[in-house]
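Before any questions on binding or motion, here is one chain by itself as structure tokens, the form predicted alone.
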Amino acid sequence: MYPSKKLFACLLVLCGVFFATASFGASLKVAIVESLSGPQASTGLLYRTATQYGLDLVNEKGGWNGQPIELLEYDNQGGVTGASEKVKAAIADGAQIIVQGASSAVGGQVTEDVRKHNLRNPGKEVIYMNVGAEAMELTGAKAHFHQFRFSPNAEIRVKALIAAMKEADVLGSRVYAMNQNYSWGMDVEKAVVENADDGGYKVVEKTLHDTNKIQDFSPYVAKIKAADVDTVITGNWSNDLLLLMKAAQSAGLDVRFGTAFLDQPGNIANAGETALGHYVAHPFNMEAAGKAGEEFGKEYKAKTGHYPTYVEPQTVFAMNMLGEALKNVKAEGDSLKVNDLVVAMEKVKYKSPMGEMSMRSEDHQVLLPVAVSVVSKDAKFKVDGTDMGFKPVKVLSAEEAAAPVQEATNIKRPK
């Protein structure tokens, strides 16, 4: 027998009173401040998808303080000014963790905003989880206690790429460095130059170009062709890599690319068979990770509609590391003591499908395995609806891939 409408109404009132007076822990708010619209949205949306997926995994295991972790979204529209405004809005809305990854220029602004906020508001600190801004200065001169980087940096990527390509005897003796004209691109160019002796090559020419403003890369492809090089090493990402690959295909450019972000969705489809034989250094390759990698990939695809790729795996692993750290942080008056979380994060050792990851306390740079892969039709997992994929050729352990702490790093710990 169903209750009468009057009785049902009374029950609803009683339930409302119960939930209003019951003691529940305050929820932890995580804010993603990303490029969710505009020319860089293709990357920003992947960060959002992976962040939500990773937090869902943490919430499935109980969240934190008896409550699911809440994800807030803020669109920085790919700009530094927009990011700064959104960080302030996120903090005002109660976020204690800021997640961002697309663009080191934006990452530099976000980390500075977080640092200044924390100096001005002791006891109300927030953390910046950097899941993709890879400029060296972010764990160097701009490193601070409340920032963590969960992706490689320029030195790690280039070091791994050159080691694998030299070992495979595909690097050649003439190299062109093509990069974006800001901190990240400059760091990649510097790493290419500094690794020349170990790689046994000469840097024939270097180009730094405007970031995400060039619509036609054919003049740059013409310069590469004229330089008569064996390999082009580039840290380009988002539209700057998509359009570079498209121009290379149109011009029939016959050189090998060594990249940091060739696994960005769309690159292989744009380049077509021109992409065959090109290399990428990345934190995850599903084939290289074996059974654990396949299980992760299938679970991710079941919830998102696609296999984890590009910036997504490192972002999921970052959320998993956050979840592990939160297990060791108790609430104080239903609130999170952020400094306790920082210390807990420094102690986390997380087993990803690729291998063990940990956070280096000296500079808050994650130590993680790195795979180097080549575009091949023999790859087990195809991409972009093509018959090509990323065939792993070398996997470096976290220890092998690590770059040393920079001299400029000086993290000051709270008393």
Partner chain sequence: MEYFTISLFNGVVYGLLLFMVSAGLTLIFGMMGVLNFAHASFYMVGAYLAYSLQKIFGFWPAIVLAALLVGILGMVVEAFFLRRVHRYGHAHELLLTFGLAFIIAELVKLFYGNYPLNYRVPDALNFAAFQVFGTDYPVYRLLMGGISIGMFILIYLLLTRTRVGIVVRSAIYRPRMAEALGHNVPLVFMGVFGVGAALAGLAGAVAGAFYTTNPNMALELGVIVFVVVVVGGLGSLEGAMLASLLIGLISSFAVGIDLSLIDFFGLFGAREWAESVGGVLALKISSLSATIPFALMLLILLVRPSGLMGEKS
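What you see is a predicted model; the values in this text were computed from it and never measured. Positions refer to the first chain, counted from 1.
Note that the form predicted together with its partner chain isn't included here; everything after this is about it.
Visitor: Please identify the residue among Asn328, Ser173, Ser250, Ser335 with any heavy atom within 4.5 Å of its partner chain in the model of the complex.
Guide: None of the others qualify; the residue that does is Ser250.
Visitor: Would you mind picking the one in Asn195, Asn239, Asn320, Asn339 that has a heavy atom within 4.5 Å of its partner chain in the model of the complex?
Guide: For this set of options, the contacting one is Asn239.
Visitor: Would its partner chain in the model of the complex be within 4.5 angstroms of a non-hydrogen atom of every residue among Arg360, Gln365 and Pro404?
Guide: No, none of the three is in contact.
Visitor: Among the candidate stretches 223-231, 287-295, 145-153, 160-168, which one is within 4.5 Å of its partner chain in the model of the complex when only heavy atoms are counted?
Guide: Going through the listed ranges, the match is 223-231.
Visitor: Residue-level contact is defined here as any heavy atom of the residue lying within 4.5 Å of its partner chain in the model of the complex; does Gly277 satisfy this criterion?
Guide: Gly277: no contact with its partner chain in the model of the complex.
Visitor: Taking its partner chain as it sits in the model of the complex, is Ala271 near enough to touch it, meaning that at least one heavy atom pair lies within 4.5 angstroms?
Guide: Judged by the heavy-atom cut-off of 4.5 Å, Ala271 is in contact with its partner chain in the model of the complex.
Visitor: Using heavy atoms and a 4.5 Å limit, would one call Gly200 a contact residue for its partner chain in the model of the complex?
Guide: The answer is no: Gly200 has no heavy atom within 4.5 Å of its partner chain.
Visitor: Report whether the minimum heavy atom distance between Gly62 and its partner chain in the model of the complex is within 4.5 Å.
Guide: Output for Gly62 is no: heavy atoms all beyond 4.5 Å of its partner chain.
Visitor: With the partner left out here, which residues of 44-80 have a non-hydrogen atom within 4.5 Å of its partner chain in the model of the complex?
Guide: Counting only heavy atoms within 4.5 Å of its partner chain in the model of the complex, the contacting residues of 44-80 are Leu45, Leu46.
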